[in-house]
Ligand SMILES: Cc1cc2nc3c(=O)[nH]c(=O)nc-3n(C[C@H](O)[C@H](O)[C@H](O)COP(=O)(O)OP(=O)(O)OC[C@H]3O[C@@H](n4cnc5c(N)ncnc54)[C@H](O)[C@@H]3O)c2cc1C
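Next up: just one chain, as structure tokens, the form predicted on its own.
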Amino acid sequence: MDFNFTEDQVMLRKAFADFVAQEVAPKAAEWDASDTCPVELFPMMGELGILGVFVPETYGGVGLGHVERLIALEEIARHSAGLAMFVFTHQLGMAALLENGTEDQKKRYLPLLCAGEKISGLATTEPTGGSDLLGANTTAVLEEDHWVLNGRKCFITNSHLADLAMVTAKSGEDEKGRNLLTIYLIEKGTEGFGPGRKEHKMGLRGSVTGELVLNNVRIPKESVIGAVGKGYGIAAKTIGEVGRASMAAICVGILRGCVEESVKFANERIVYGKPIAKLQPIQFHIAENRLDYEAGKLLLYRAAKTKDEGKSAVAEFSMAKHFGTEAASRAAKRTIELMGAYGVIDEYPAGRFLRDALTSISSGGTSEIQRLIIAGDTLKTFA
């Protein structure tokens, strides 16, 4: 089994890293402090190929895979997990469209999304809970040749920025009385559709999270993504294999930041006439940071390779997401402890790493949800 990146992937990582070093790293702390989303970078990321790296060239993308997509997110999240959250949510909407949209929908929207000329997102979460997709209260009623949607979505990333939102709504019931969901493509500016409250998050700042309100929103029948009543499967697969993968990549980026920052600080901080890197307890912290980073990276890219091979990777991404978010939280706390008083000073990124890592745990499904998915797969696989 080969655990190495290809030569092309290594070159691509360097190109992404150079962009991040120039455009992201110097401003990451400022975006975090002001909770500002740098939308001006989107066309630049589109031109570099970051946004549409996994989209076929036919639709304006680069034509590579999810391994390459996650490499880009890791590089961005090393310095700005909030910006990586903005990018991945855009890709979440793109993935739902790419895998389930009509040819006309894909040709019309994907080139604009790949280029960064338009911003997208996926809106599923409601006040009833993010994990309970079928408990949605947002409704869609077919009236002649239009769907009419009413409801409210909450905790939606890109809520106030998206030009194109993929929105789940209850479109009927099956024979057992269970809700049937459908995904609808809604453009910004559609009457009755718009952002509500903007949330102020502890971490992942620099991405915009808030409500989307639907008040008698009328959209054409052709706005359906996939088939009517099949929205649950589309949303679950997109979140499971794109959303959780992205959160894992973000946390691998945070983990790498913890490794690099702890090593840098330990070598530069002089106590009793020598660098604290010479002290065994400090070395233990650094070793544990490295172990968490390497384990998280292996879980993430193994799952991504599985998806790129056309196989189901839901359980694999749940493992990567669960481990990554929990490990990043541990490593960030560990890095703060290693740095002492400096660790809680905002001039250093360790505090931001901790806030971002803790905020990542609930995004894409809590750790408890991941354990249920992992347990269910394990009970089948190892029976």
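All residue numbers are counted from 1 along the displayed sequence. All of these numbers come straight from a predicted model, not from anything done at the bench.
Form predicted together with the ligand: not shown, discussed below.
In the model of the complex, no heavy atom of Ser262 sits within 4.5 Å of the ligand. Using a 4.5 Å cutoff between non-hydrogen atoms, Thr125 counts as a contact of the ligand in the model of the complex. In the model of the complex, the ligand stays beyond 4.5 Å of every heavy atom belonging to Gln9.
Using a 4.5 Å cutoff between non-hydrogen atoms, Gly129 counts as a contact of the ligand in the model of the complex. Proximity to the ligand in the model of the complex, defined as a heavy atom within 4.5 Å, singles out one entry of Gln91, Thr157, Ser80, Asn289, which is Thr157. Contact with the ligand in the model of the complex, judged by any heavy atom within 4.5 Å, is made by just one of Met85, Ala95, Leu255, Leu113: Met85. Contact with the ligand in the model of the complex, judged as any non-hydrogen atom within 4.5 angstroms, is confined among 294-302, 196-204, 105-113, 70-78 to 196-204. Residues from 176-192 do not approach the ligand in the model of the complex: none has a non-hydrogen atom within 4.5 Å of it.
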